[in-house]
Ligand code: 1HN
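This document starts with one chain, in the form predicted on its own, laid out as structure tokens.
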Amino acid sequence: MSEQLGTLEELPQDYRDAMSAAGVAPLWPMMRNVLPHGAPKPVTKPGYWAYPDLRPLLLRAGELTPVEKAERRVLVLSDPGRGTGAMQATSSIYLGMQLLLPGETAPAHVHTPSAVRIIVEGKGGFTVVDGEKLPMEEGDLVLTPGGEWHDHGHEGSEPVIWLDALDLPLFVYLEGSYAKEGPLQAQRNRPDASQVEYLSAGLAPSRKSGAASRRYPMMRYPWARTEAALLQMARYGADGIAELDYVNPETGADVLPTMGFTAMYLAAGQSEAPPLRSSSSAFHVVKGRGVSTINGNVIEWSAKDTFTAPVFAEINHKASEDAFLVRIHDRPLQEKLGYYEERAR
């Protein structure tokens, strides 16, 4: 494909005016913007949000705006490449930090985008999804898939804060994003599925002939079990690094159609240099401390911080103390579209 494509300015003004009047535009001056050579040229820039900066702003929001006026009291983590206020942390991932105070209830609703909550701080919070009450403890990953009714409540005595990750940008782009509101759900009088049906890896309820399985059989992934699994895996590894994907316990597929989640462990002093991936990513630090360099940008992170990387980013992680992170990514979406790739560095 030629590098010497014509520009719009080379065309006569009367021709440009005629095209505008007809509601058309020439492709060739814009070709390199939509089809760059070799690799995409992302708008997304590496982002970093230190939790000590966000927490006081969230607590102040709790003083200034009652949850009844906010519905969801959230601070949006905006991609630096798009500017403050952008409802994107990467091209396809929305991130927000949400606060619920003791005794508060966030009303029930259902929406087309899917959401995941990673619990950052506090005890006593819970989410109800399709009647299933899901405790929210630090590090837990809680699903509220698109099309599932959900509401939040707080039975504890301290603020509860969690990180929201949604595929909202995709649904906004498709003009398919909307929500419906409804009454609080009746809660089932039993623990959630992670404590009953899927208490042990490799075991699932016995299948009955002709019985349909739920699309999302497990909505809560307790952090205590995730951390234990990572440490056991690293113990028998060669480099003090372990990664585990969050999956549907019935099918082994990613937990959501468009977003994937990977738990990571790096022992103190260990480094990781993953391949260049076509997926964009967000990293949430559950525990620990370290440094990541993303396309030359040095990010010094600690527990409860969040940072992002655009597509095909050159990423280097190094833990200064034992570190646990969750990587949020759009690989499932790209695999469904048939173009996910990894490149050697």
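None of the values given here were measured: they were computed from a predicted structure. Heads up: residue numbers just count along the shown sequence, starting at 1.
One more form of this protein exists, namely the form predicted in complex with the named molecule; it is left out here, but the text below deals with it.
Visitor: In terms of non-hydrogen atoms within 4.5 angstroms, which of the given stretches 192-200, 77-85, 92-100, 269-277 touches the named molecule in the predicted bound form?
Guide: Flagged stretch: 92-100.
Visitor: Does any heavy atom of R188 come within 4.5 Å of a heavy atom of the named molecule in the predicted bound form?
Guide: R188: no, not in contact with the named molecule in the predicted bound form.
Visitor: Can you work out whether V128 and the named molecule are in contact in the predicted bound form, taking contact to mean some heavy atom pair no more than 4.5 Å apart?
Guide: No, V128 is distant from the partner.
Visitor: Taking the shortest heavy atom distance, is V255 within 4.5 Å of the named molecule in the predicted bound form?
Guide: Contact check for V255: no, nothing within 4.5 Å of the named molecule in the predicted bound form.
Visitor: Check E137 for me: does it contact the named molecule in the predicted bound form (non-hydrogen atoms, 4.5 angstroms)?
Guide: Answer no; every heavy atom of E137 is more than 4.5 Å from the named molecule in the predicted bound form.
Visitor: Among R215, R225, K123, H109, which has at least one heavy atom within 4.5 Å of the named molecule in the predicted bound form?
Guide: Going through each option in turn, the one that passes is H109.
Visitor: Could you spot which one of M219, L166, I119, A263 gets a heavy atom to within 4.5 Å of the named molecule in the predicted bound form?
Guide: By the 4.5 Å criterion, the partner-contacting residue is L166.
Visitor: Hey, which residues along 135-162 are within 4.5 angstroms of the named molecule in the predicted bound form, non-hydrogen atoms only?
Guide: Heavy-atom contacts within 4.5 Å come from H150, H152.
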